[in-house]
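Next up is one chain by itself, shown in structure tokens, the form predicted on its own.
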Amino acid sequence: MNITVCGCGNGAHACAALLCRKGHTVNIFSPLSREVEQFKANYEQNGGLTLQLGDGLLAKAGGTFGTYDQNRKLKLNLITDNPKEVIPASSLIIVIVPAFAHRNILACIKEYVPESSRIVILPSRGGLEFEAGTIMPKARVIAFQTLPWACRTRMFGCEINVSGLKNKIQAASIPADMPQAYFAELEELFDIEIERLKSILTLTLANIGQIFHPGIMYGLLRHNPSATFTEADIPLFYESVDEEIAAILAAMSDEIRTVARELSKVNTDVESDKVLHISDWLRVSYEGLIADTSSLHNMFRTNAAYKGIKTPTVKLADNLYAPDFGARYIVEDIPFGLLVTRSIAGMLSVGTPVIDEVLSSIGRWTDNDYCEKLKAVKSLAPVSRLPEFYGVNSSQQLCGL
């Protein structure tokens, strides 16, 4: 297949390398010219992509944990910041960027996407059904709940470690009646079982990142959000989940599942039983990789795919680090995840006290009151016709009307 991967992050590196390994023609596209230049320079210096693949591989930066497969000099077809060079010839376009970049990527490629092409978005996060429908109303989109693997870039543009391939993943399509053959093709492409959902709205609620990332950040830092660490003391993200943090995550999951049940009463395409409790999601996704499934906190602590992943931090000074509240765990998984779910909960009059506490606390830490902003938007929407409510956010978009 001729495939274009849109993005230059961890997931894009992994996806491109894994597809090259299978013999497909793979391109990299990003609208960020400097990013593309750096990617291309490192790629050429390395003579291609280097992929290391193995369970628990992220536990050591050197990539020598346990047994693993290594592929060197995997060759890409083209690396570019010009969508016209790669999108028209691509039968499959895979968008792997944080949710806040979906809009920009889709706007960049929309005029070049052939009618026969399909767009895969990994992961979709919350509200994609609204944004994609506004930007590309005729596109054929398949959205995944999450990435099929855990991965980290060792060296930008040339080296990627991939660990913990999931066993099963949920996906949905726009339009909902796309042929099943497309999903079968993706199962073979990613070596994973896909559970197809009737509605992408189910996927919005089943978005596991909206629980894990803000929930664990809140749990780890709730007593001291101003904490600082030496490099050696930066806490492990998943492996630091204790009984108290696990209880917070479980309560968030319960609240979201209640929202799903109530939503299914008004939209029968929403499959509330597919919005799994996080304990069940971990068992299904990482069967065989979790050593101790006796409790939720032990599942986090003994999952080989999560070993070695540290809490996002920002460097303050030599050997001094602080929590990074600008990381995608916050700037993606709250406004493009948990806040979307909270908005739907409000429409259904479902109480979400634990989610509200997480949103309010992180809002205070970041000087960004999510709950109050949500109230303001909801109060304005019924009495206004702001262009922003219809996906129009720039003068360029106004010109296209």
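Bear in mind the structure is a predicted one, so any value in this text is a computation, not a measurement. When you see a residue number, it is the position in the sequence shown, counting from 1.
FYI, the form predicted together with a small molecule isn't displayed, but the following is about it.
Not one of M1, E85 and R118 is positioned with any heavy atom within 4.5 Å of the small molecule in the predicted bound form. Put simply, of P225, P312, G133, P98 only one has a heavy atom within 4.5 Å of the small molecule in the predicted bound form, and it is P98. Checked against the small molecule in the predicted bound form, the candidates V350, L32, L374, A41 yield a single residue with a heavy atom inside 4.5 Å, and that residue is L32.
Heavy atoms within 4.5 Å of the small molecule in the predicted bound form are found in exactly one of 327 to 335, 77 to 85, 186 to 194, 251 to 259, that being 327 to 335. Using a 4.5 Å cutoff between non-hydrogen atoms, T146 counts as a contact of the small molecule in the predicted bound form. Contact between L122 and the small molecule in the predicted bound form is found at the 4.5 Å heavy atom cutoff. None of the heavy atoms of A172 is located within 4.5 Å of the small molecule in the predicted bound form. Contact check for I105: a heavy atom falls within 4.5 Å of the small molecule in the predicted bound form.
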